[in-house]
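Listed next as structure tokens: two forms of one protein chain, kept apart as structure 1 and structure 2.
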Structure 1
């Protein structure tokens, strides 16, 4: 091709693309890091499932809004009885599943009873544990009776694990998800992308986007390149912290740093010596400089935490000063615990950057007070098996991204091996208390107890590092739940 020809060709191409952009675009390509194992949120714990289907394909009785509040979804409204034990939900009418079948109280009863059966594969059965019985009053009203009052019930019903499914399609939702949401699955090219398109029969406010593609990009370097090249127009949770500054300086992109429910902790095996000694755990806490960890591993993105509670929550207490960086004190505590020269231990690190890089920094900091931590990198499957299931570890770093998960420290068979009667009692009280000052007070007591006992070292809150085209509006700033709610997303020109 000679030079004139190629110039002409270029001009023609430019003309074509410019005319196309006169009308606002209605399709969007989003980057996600992990591919979901399947698309049924009621049958798997993987956050990657909810990142695709939550609020887009499936809806529950209630839903979590962008700020973490509980909003009505399929339930138009609800009434709570005086004793707090029964909820009567009034359902939206004329709601249809994406396969054309009608939605009514039968589907709600089915969806709330299914996870409570013995055969259930629901990953969060605890959400439904409080339910005693579900009764259909009429096709658009359901009465749910609880065993005892539960302040979290409406919140629990908003989880992806509690979405409403139809008996006809429940068994095939893994590959062919059928929900009531504003989008439906178009196709899933395994290993590459998942495409959802607008549901023309949606009962509520229809989505502005006609089509959304979730492209799976696990490699951080490739994620950067894809955004720069425009192959992907939005990365709701951008995995490469080091290149964020580059996007902040680029007017084509909007960089939105929000909060998530991800408390990043260094878990300690509380039953295994020397970690069974609270002094040792406190010594480790004082030996770690959270700022260095955040700057080094996260390039400054992340909020230090001193207990297991998200900083954006109203009941949050900043307890970071209680375990402030103080190597002298750490050394003193270690001596009091009978380890004046430190000890040898291991640190198992799962694949995410925050763990691998954070672990290297922490190991270097611990060696300052004589604790020699051998770094053992593990894959997720090994981590789940060795650390999470078999508790075969000394120390590990992981981010707990579920919302409202303070109660993991009260679980008997959880990987921390932390067993504290006072803490369990606090959690029991919290669960029986509805929102209000009493509950805030209890939450704060629990935070203080954890900051003193230090069953794990509380490091920082994982940020939601969103980067998208500056012309896109409506994506969530924060991550109160793992979701990419596209209902309000639109291009502005």
Structure 2
């Protein structure tokens, strides 16, 4: 009898242990390389912000799906006028922000007008430039009238910079983000981790995960160790390219190599001599062997690009041969530009592996044509302040992971300091055109112009090197937008 009772107790204990183990699988620890400067996507350019909050804490009228398509979000539907200038959005009902305040058309009007004000700190004001006026038709209906038709409008409204925020909490979203999404901020231990938990009052399909912890691990070796030890169960963008083969051979993990919108470039300060001379920029382009950079910095992961456009896009043109590696031509162009002996310059490099390792390779290649580039490592916050905001730099390396962002080269205040009337005109035509073939033609004209002017050196398309526990489902294979969307993520048995 005692043996039978012991067996029953043992079975019950095993069941409880199994149940507890299964319950624990509603938590997930993800590794990220960069810590965001804050958590308000409407007030900062850092991709690391959206990697935490996009679709998780904040939502927009529309959203980008895992395949790059535009999907409904807070707007359940919309109608477009025949002239293409007016959009009427029907909003979901019974939606609340995570602090309990109600979401309605007033919040949409506020969120679309706020980034257009002079006081706005939105990093992507151009997304809202086409808007003429925003009208509230009723608490759940909003009419947006554009100055002219804009083929990218619904896509633009899906960016993290265009999420809907409430007037009551907008000013404190940097440290205390309040959105309408399926997760809410639980804790941020600066320099260590950011924890989000399930929003019990979410208006839509609830998340399966109860908690997600974003652990900040900038060091590639530490990232490898954390995954192998199980301290981190997923690294959506794994930084240690040299150890990927090790994980591919380990059945405990899934290794998913996808594409991103991340054009990796060596940015040049176009208003600062000698970079104001197109021949100098072209010389630099011909002095760099993209394959060597990809092999040395990325261990072969990455696709060479010759302009600022993703290779997976239907309108992509392969223009890499136009600035192919040719040191002799580079020296000739430098001589024609008045620098036969080269010159001294600086190269500011932010923390990511592609920048630090790639910068060393590029500096060595530039020295072969007489350009002496002093490498200056900077932290991410320094890069944002010195390079992106104040344009205090000569050269830099960074990946631009925003989707559909060709138009950044048309902005007068952008850190490249590139000013081209023909390019600006092309962007205006693209934005005003919804016809597919015509847009493709314009996109290709813009790519050719950039490949000739070389306002930046176009290096490679950043891959999405995802590694996670083999029992995890729902993480994105590709990166059509800089996001770790956890809304459909779950553990399997």
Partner chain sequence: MKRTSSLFTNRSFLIGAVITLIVALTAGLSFIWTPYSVSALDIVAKLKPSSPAHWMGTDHFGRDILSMIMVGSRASIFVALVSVAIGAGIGIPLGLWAAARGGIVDEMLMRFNDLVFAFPALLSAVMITAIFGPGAINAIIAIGIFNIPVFARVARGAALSLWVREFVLAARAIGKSEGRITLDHILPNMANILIIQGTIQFSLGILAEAGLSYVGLGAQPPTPSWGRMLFEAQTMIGLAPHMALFPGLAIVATVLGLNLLGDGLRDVLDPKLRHMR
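Take the two forms, find the largest set of C-alpha atoms that superpose within 1.5 Å, and that set is the rigid core. Everything numeric in this text was worked out from a predicted model, so none of it was measured. Residue numbers count along the first chain shown, from 1.
Asker: 1 or 2: which is the form predicted together with the partner chain?
Answerer: The chain shown first - structure 1 - is the form that fits the description.
Asker: Quick one: spot the hinge among 153, 59, 463, 89 for the rigid-body turn between the two structures.
Answerer: So the residue sitting at the hinge would be 463.
Asker: Hey, what angle in ° does the smaller rigid piece rotate by between the two structures, against the larger one?
Answerer: Treating the chain as two rigid parts, the smaller one turns 16 degrees between the two structures.
Asker: Rigid core superposed: how many angstrom does the CA of residue 413 shift between the two structures?
Answerer: Residue 413 C-alpha displacement between the two structures, core-aligned: 6.1 Å.
Asker: Please state the CA displacement of residue 332 between the two structures in angstrom, with both forms fitted on the core.
Answerer: Value for residue 332 between the two structures: 9.7 Å of C-alpha shift.
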